[in-house]
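Okay, so we've got a single protein chain in two different forms coming up as structure tokens, structure 1 first and structure 2 after it.
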Structure 1
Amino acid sequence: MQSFLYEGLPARVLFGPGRRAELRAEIDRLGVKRALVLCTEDQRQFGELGAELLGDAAAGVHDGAVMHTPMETVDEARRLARELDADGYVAIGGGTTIGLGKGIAIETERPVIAVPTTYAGSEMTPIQGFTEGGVKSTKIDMRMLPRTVIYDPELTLTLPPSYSGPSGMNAIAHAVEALYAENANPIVSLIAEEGIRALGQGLPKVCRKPDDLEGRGLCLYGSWLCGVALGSVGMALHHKLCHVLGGSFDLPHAPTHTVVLPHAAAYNTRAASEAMGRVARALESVDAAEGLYDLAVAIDAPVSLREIGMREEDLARAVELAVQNPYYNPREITEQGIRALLDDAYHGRRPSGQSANSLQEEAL
């Protein structure tokens, strides 16, 4: 067996329906006296719920979380936290809200409790993308890792299929890249494959029947594992492309991951055949890229960059940015190959073994 390094991330997880009721006890356990509750403007109701659960330990509710975590929103939240004399934070919501909590925590080093209401999985990682000057960059810092994560499937029951599907596909993307990361290891690969399997089963359930609590639990379980996978090893081409598209062209985060993922998988199919075989097995498909695309179609998620707001005239600039300072990737990143990949993603073409092979030959 090939040698490897495995370093587990510290995590305390409370999982199950109704576990949100233990939020106050977790704050007390951490010694927090005044917790600032973070949320987005659209999810203010979750922020208010968090404050209600905290009672007199709530310092206030801040609904300033914004997609792609612009640094100015982080600075504003930090200022408010200081004004309110908050010594801890509760991030209740999706990846946008949890990202804001990470942005505050990296400076203050005060504890963050995450209560996810989507399937992003970012609550399990010390990784966050911040946008400044129209460019999104990634930071990795253990200070950003939440001290406790409370997974309560009941909090996701109101998440509509149009959000559930892309959110879960975003989580799957984390696990797919973990399987062929430069520092991949067999322990994380087991976690990643199980996360993909759980979401592959759970997402169709909740998109067909949003009140399916068992399906919701499967999706949260899967997103947890996919987040652990992302936080434990490195990222590659897929995340580079999504950071470029989201940060520079203001495309929505989870739908962008949903659209790009099958094409990034097709690009890497031959260079990471063992990893792609595990993805295919988890999805009960003969081909990883096709299985990922078909899952997106089955849950009525977007499959083209065009339908989520990308302009065709911006593709050339996206290619230029994507090949600058590329992340590690199992297959060489070439301008020609990325151009073809993004063209397929823009038009929403279904990947196939044949198209993946032709791309591979094109780069040789």
Structure 2
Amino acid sequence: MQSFLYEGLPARVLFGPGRRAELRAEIDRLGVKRALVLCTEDQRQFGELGAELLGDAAAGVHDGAVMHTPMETVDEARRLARELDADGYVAIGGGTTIGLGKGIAIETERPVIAVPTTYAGSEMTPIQGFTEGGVKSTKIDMRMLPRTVIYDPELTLTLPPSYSGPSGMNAIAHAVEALYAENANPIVSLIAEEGIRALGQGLPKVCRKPDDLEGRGLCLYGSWLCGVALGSVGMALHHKLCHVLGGSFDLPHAPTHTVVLPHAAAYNTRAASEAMGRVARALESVDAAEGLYDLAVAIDAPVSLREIGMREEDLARAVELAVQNPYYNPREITEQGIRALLDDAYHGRRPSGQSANSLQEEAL
């Protein structure tokens, strides 16, 4: 019998089309009198919507959320919140906006309500990366966990297939690694498998027909569950590789996850056979890595590092960085193995337990 630790993250979730209308009631419930609404400049309309829903409980709209959460933007938002006498925050947008909300919450200890409009899943985790002087560091603090999350699939209808696909694959990556995490447990694994199943069914629907509300609901439900998986257990090789590729070679976040995931899964297939069996089952595929790759192709998402801006001459440096600082992974991290993995990912080869590179590596 397996022995394990399960620690649940507190969450209050309102889920369903139109539930955004309950934002004001949720603010009242938390005792917030004046909430500052956060968004990005690009998605200012979400900020305006939040303010409209809050009515006289809106302290203002701040569209200063920026990717990678630079500390200057957090400081600026905190200053504005003090000026406006805000006693709570509404982060309405994708992972970038929710990151800013977390940055404010960690210092002010005032509640944040998240209204996610992508599939990143950040609203379900007490984790956040902040950049200062060009260096990104990660903090884990329960004060950053939003107190209420409102998932309204109607707010995701405008997310174009080119974002929906990679954003959903990014969410699936959290669940795949949760299934073979060092501290994996049966409860989080149930959540992770269900998250992959929902996104595996929903993503093809919304990428084919962005206004498919049923599909949007499936994807948002799946991203919620995958976010819980990310917030509950540790990650491994896949997240390390994406951190290296995004941080050192400036590759876009969600597309990098999309490209690397099938290859990280292939790398771990034999060492984490039970977890990979669950991924395959969730995707209704015979093999996890193949199923992930085929899903990316089906939703017209990128499948090679080359097409998302990686330069072939940088691969060697990426390998070097990826094998530095030992970290947990179900299969031993070897330079040879990572080189083969990144070469497959660079060229966008369809992975398989029998791929030329993996066989070659085994022969060595």
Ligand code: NAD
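The term rigid core refers to the most C-alpha atoms you can superpose between the two forms while keeping them within 1.5 Å. Residue 1 is the first residue of structure 1, and the numbers go on in sequence order from there. Since this is a predicted model, take the numbers as computed values, not measurements.
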Between the two chains shown, which is the form predicted together with ligand NAD?
2
Core superposed first: is there a CA shift of 2 Å or greater at E52 between the two structures?
no
If you line up the core, does A318 shift 2 angstroms or more at its C-alpha between the two structures?
yes
Does E335 move its CA by 2 angstroms or more between the two structures when the core is aligned?
yes
Core-aligned, what does the C-alpha of G133 shift between the two structures, expressed in angstrom?
3.4
